[in-house]
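As a starting point, one isolated chain is supplied in structure tokens, in the form predicted alone.
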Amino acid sequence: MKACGGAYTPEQRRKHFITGPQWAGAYDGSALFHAPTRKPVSFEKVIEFYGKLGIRTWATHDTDVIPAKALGTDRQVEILDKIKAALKKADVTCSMVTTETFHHAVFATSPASESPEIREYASWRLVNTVKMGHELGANYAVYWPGSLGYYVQGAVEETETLKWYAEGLNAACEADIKEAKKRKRNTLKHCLEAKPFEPQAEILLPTSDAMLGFIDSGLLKYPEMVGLNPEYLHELMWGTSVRAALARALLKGKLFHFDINDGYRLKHDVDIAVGLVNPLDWLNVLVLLRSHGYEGPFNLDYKPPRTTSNFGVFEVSFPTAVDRFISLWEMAGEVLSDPIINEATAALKGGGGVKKSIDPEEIFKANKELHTLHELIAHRLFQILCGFHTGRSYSIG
């Protein structure tokens, strides 16, 4: 177990913008059909462990650390003071805050409910979280509208619901502008997180592309403040290419934040740790992000398995998750500098040398041998992933 706990030092891990969420470290193994398998863990303990591991930033939902009834009260102030003390002691900072608008029974019809008092409460929660973020020194606010949808057809009028949801985000951005000015800080980056399936039967903003359309819909007063927090598995779940979804966000300049985990296509949200299911796909994702200079957070939005003990969560699960990510990140750097891949890519971009031809057969014949390089590049990526490019090989006895 000690050997599997990770190969990088805390100092090496701190060089990367890896965020440890409160909910991941405190996850007790419970689920819809499963009882807890671990004892509860306080935010003080989670932050302490992250600091020791070398995870330099922490993130939280509002109600991960503050009971719903204590939000906006003196008790909230007391808890935030304790969080700040724990962060300082562990040499960890808060990078992101998010509002829980899906678990509490009040959000059964979503934060954009037909009920005006529910919408008013939801907006207040968003504003309160923005103020929490500034108090804790965060730079990002994430919104997961998982309950924005319906169970049965005809129950909601979708255009109205989307307008009501925009009103809540507008309130959050307006509060952010005022709070940032008062504290002489930059405004937060507001990040929308899409998910195609559950908890509602039909989700109104199920994909990152849907989120991009929503941002450009004209409903938001401050669209420049709002971008995306794609989650790897959320994009994979509906069958898309995660890398292609990220590319579209990059082209729009809207990739603000990235939740990292792993899982399976067309399945439920298992939130497995990064690289345990799709390591080659993950390598390709990180090649894309490195090539575009992405410098935002990589948020460890995964669930340590129910089979893992409390001890194992922090001594095995988190160290190995972080170190797999770093290893894949370093491999992505190798890919970008690899002479074979670069030569093959340059040859493909150079084309077959036909000048100003409109004869498709001539163009095809000039390029057909070059196109075999697509498979060569894919094989080279596999070699780098498995270490074959450094001389590792297997022999058949």
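All values reported here derive from a predicted model rather than from experimental measurement. Numbering starts at 1 and follows the sequence shown.
Separately, the form predicted in complex with a small molecule exists; it is not shown, and the next lines address it.
Every residue of the trio Thr98, Lys195 and Asp301 has some heavy atom no more than 4.5 Å from the small molecule in the predicted complex. The small molecule in the predicted complex comes within 4.5 Å of a heavy atom belonging to Asp269. For His61, a non-hydrogen atom is located within 4.5 Å of the small molecule in the predicted complex, even though that partner is not displayed. The small molecule in the predicted complex is not approached by Phe17, whose heavy atoms all lie more than 4.5 angstroms from it. In the predicted complex, the small molecule lies within 4.5 Å of some heavy atom of Trp144. Put simply, of Tyr294, Tyr150, Phe102, Trp124 only one has a heavy atom within 4.5 Å of the small molecule in the predicted complex, and it is Phe102.
For the options Asp262, Asp259, Glu235, Asp176, the residue carrying a heavy atom within 4.5 angstroms of the small molecule in the predicted complex is Asp259.
Only one segment in the set 316-324, 154-162, 187-195, 78-86 has residues whose heavy atoms sit within 4.5 Å of the small molecule in the predicted complex; it is 187-195.
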